[in-house]
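Below you will find one chain, with nothing else, as structure tokens; this is the form predicted alone, and questions on how it binds or moves follow later.
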Amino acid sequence: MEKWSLMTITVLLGLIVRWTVSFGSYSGAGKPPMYGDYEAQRHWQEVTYNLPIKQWYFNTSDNNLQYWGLDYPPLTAYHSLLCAYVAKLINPDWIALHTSRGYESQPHKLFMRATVLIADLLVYIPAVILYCCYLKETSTKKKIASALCILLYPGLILIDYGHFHLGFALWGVLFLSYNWDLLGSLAFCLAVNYKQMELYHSLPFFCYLLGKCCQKGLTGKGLVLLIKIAFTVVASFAICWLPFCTEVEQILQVLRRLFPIDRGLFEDKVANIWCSLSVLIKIKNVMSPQTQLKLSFAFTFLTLLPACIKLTLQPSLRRFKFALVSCALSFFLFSFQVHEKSILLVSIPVCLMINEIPLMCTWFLLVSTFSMLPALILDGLLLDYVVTTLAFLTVCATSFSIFEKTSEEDLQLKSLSLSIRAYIPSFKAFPKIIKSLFIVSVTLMGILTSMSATLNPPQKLPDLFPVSVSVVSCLHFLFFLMYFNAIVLWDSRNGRNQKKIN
């Protein structure tokens, strides 16, 4: 009873923080003619309510795709339609065709915030609570602390309440934690059909389930499970896409909107390798879009391959979670058409491991939020960023004593250290290196935040601070990619906190 009382308090605290942040500014507030992501969400409600389904993804006189055209999968469109029906009941002007463009008012802002809060209550928060309660060999105190840290992660709070909702794949991880493979497959398919960026997690899901099928035997139980999973995937996609399956051109148009290759290698000042390299080499100018696409595919595939192979050959829930991180990070760093908010797709699985490696997960989550600093400043969320980040660091530091857990075992680097000591017997430097790097990193992020907020850049270098944030964040992410891959590749355990694969 005490555990559930504390969990209830944790949820209430998470909701209070979310609702408090919701009173702040939002993307594109008072900035015509395009406004921002807030207007995109409202416009999708306008489009889905007033136009027939066959026009949702097509450019027409009533649906100008250059003005926040719908570019997410069907479930996002259906969600927008559902919100539009509620909006119609409250105030029809909010979704009136054409005349509602750029609509801004305090009641409408509260309505938009409420739609996100309800989505959190129905989708994200229950998954977090159930996942933390599931953790094996973990004290009640640590379960509560894990839930609190996850719910207070500033990246999701600031982006969800400054932009839009993410996080459906968490249910897939939760179901797989209980060995409910079909439900896990269904949940992940729904996640992909809500946000196509969830493909960042697709290979770990595929490799983990394939590895389980192989362990069971592809001529017996494993084959049956594989057929069931395949049927679940096909059926879920078929149902989601059914209204668009009337014509081949409908399907092709939706796919063109979901994967807009013509947008280029990256957007804005994203903290990935291509944007960082563009400081020295203008990749977009020296390479054709086709060459950029091939190069990004090659680097992405090569960097995620080792973790996927290990997961397929030796499937375990522990390796699955680490592979979710390393594969999503490979996609973010090297794939084509990356947005700065896509780092949240790496952050979600990192949140799930905060009880196992609290220092490294806390560090990564701080960097991931910092990497979005230029967008947060642009949207008027600097104060919200500073307050929520400091609160998150304080909660993590006190709940998990992160500065005391820096041994090789705590960092999950014992196996790698033993391998290095086979060649360098005196090597015991990981704890000191990590501690020093963490202090330098936090200090550097603090300095860059202060400079971005208080100083004007030189006239010849107007993007100095955003580019600096992106490059520094990218270097961090490259380090974390090596770190998480090292854990996956040198891990010889079958995983803690999981049930045996039958």
Partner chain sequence: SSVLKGGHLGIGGGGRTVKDSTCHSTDFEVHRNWLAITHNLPVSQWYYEATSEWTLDYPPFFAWFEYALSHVAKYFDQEMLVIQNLNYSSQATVFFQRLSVIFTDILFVYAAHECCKYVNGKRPGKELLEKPMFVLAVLLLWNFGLLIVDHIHFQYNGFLFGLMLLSVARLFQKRHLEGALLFAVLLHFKHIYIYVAPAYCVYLLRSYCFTANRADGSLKWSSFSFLRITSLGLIVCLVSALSLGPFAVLGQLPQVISRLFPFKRGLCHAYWAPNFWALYNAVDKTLAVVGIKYKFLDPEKIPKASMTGGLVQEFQHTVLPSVTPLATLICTFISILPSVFCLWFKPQGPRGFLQCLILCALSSFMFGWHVHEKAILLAILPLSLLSVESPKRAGIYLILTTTGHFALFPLLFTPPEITTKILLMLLFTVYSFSSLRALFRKEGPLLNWLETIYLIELVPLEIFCEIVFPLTPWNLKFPFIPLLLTSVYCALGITYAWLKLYVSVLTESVTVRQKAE
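It should be emphasised that the depicted structure is a prediction, and the values quoted were computed from it without experimental measurement. Positions refer to the first chain, counted from 1.
Beyond what is shown, the protein has a form predicted in complex with the partner chain; the following relates to that form.
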Which one of 295, 309, 387, 81 is close to the partner chain in the predicted bound form, taking close to mean a heavy atom within 4.5 Å? 387
Are any of the heavy atoms in residue 23 no more than 4.5 Å from a heavy atom of the partner chain in the predicted bound form? yes
Within 4.5 Å, heavy atoms only: does residue 383 come near the partner chain in the predicted bound form? yes
Should residue 479 be counted as a contact of the partner chain in the predicted bound form, where contact means heavy atoms within 4.5 Å? no
Any chance residue 183 has a heavy atom within 4.5 Å of the partner chain in the predicted bound form? no
In the predicted bound form, do 9, 13 and 16 all reach within 4.5 Å of the partner chain through at least one heavy atom apiece? yes
